[in-house]
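The chain below stands alone and is given in structure tokens; this is the form predicted alone.
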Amino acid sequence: MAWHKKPKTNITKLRILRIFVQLIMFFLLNLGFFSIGATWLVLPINYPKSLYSSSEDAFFLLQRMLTDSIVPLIPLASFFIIGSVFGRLFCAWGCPFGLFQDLIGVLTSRIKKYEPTSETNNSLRQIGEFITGATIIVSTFIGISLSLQNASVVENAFGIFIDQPWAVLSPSVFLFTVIPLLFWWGGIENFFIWEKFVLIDLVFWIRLLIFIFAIILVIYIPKGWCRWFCPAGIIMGQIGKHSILGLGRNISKCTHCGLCEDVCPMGVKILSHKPEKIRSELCTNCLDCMAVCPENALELKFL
């Protein structure tokens, strides 16, 4: 489908603005690096706690509280309060791993992208739902086991999964924690010194393979990780379907040209939703559809 000149210009400006906002957010989330004190925030974003961060992903905190046998009221409040008002807006405008995916998309813009069908989108999303549910169940089980049994026995049984089960495999943890520490401790030399290279444990290689898979995925499927595998996104998607802030479509202006669906990085079938509100668990309020619409038929409003 041919692009209209004006919408293409609009969407380019919007995407530049969004990356700029994401970079500002990344700076604010890492104020500790500049020795600036900050209030600890719990946000529904895919970003692990680190030495310099001033915020933490609500899902990572939820895991840690469950494994410590603490009712996770704070992360749950973060999900429900922010999700019920803004939907998945933080996924598009504030998530550091979302920024990473957007930058990968810019750098690989000349590579042909593929858009899965709605059926594929829904089917693969079930993997993320399984990851989310399994992580919550395992975290709860660990917390109960630590309360009822000898702690050392439980710790030996679960090993590095004892604190935050999903964090061990998460590509965002690998990107923002493992890789920086690898350089910080000089561990990158392990890749060039055979004696050290062979000592890298199996878990590291599993993490690396998942991270490489995530990169390859987002090269060919825009926001592929956000769509299907991010636990924070899965939770926010279910809540965001009923958020106050959302996108509406003016049917008197809409010509059903399909440009909004073509440009949506999450593969939302906008025209198949009721015009009063696009109630999709995939919608991140990125506003690409608004920017590309030649008739200005889409608008952001409180519903």
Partner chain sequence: MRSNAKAFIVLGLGIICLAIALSPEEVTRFMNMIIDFTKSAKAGIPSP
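Computed from a predicted model, the values in this text were never measured in an experiment. Residue numbers count along the first chain shown, from 1.
The form predicted in complex with the partner chain is left out here; the points below concern that form.
Sort through Ile142, Ile131, Ile104, Val173 and report the residue having a heavy atom within 4.5 Å of the partner chain in the predicted complex. Flagged contact: Val173.
Could you tell me which one of Leu29, Ile239, Cys264, Leu43 places a heavy atom within 4.5 Å of the partner chain in the predicted complex? Checking each option against the partner chain in the predicted complex, the one that comes within 4.5 Å is Ile239.
Spell it out for me: taking the partner chain in the predicted complex, does every residue among Ser84, Ala167 and Arg207 have a heavy atom no farther than 4.5 Å from it? All of them do, each having a heavy atom within 4.5 Å of the partner.
Contact label in the predicted complex: Cys254 to the partner chain, heavy atom within 4.5 Å: Cys254: no, not in contact with the partner chain in the predicted complex.
4.5 angstroms heavy atom contact with the partner chain in the predicted complex for Lys269: Output for Lys269 is no: heavy atoms all beyond 4.5 Å of the partner chain.
Quick check on Ala77: any heavy atom within 4.5 Å of the partner chain in the predicted complex? Close contact exists here: in the predicted complex, Ala77 approaches the partner chain to within 4.5 Å, heavy atoms only.
4.5 angstroms heavy atom contact with the partner chain in the predicted complex for Asp163: Yes.
Only counting heavy atoms and a 4.5 Å limit, does any residue of 281-303 reach the partner chain in the predicted complex, and if so which ones? Only Leu303 sits within 4.5 Å of the partner.
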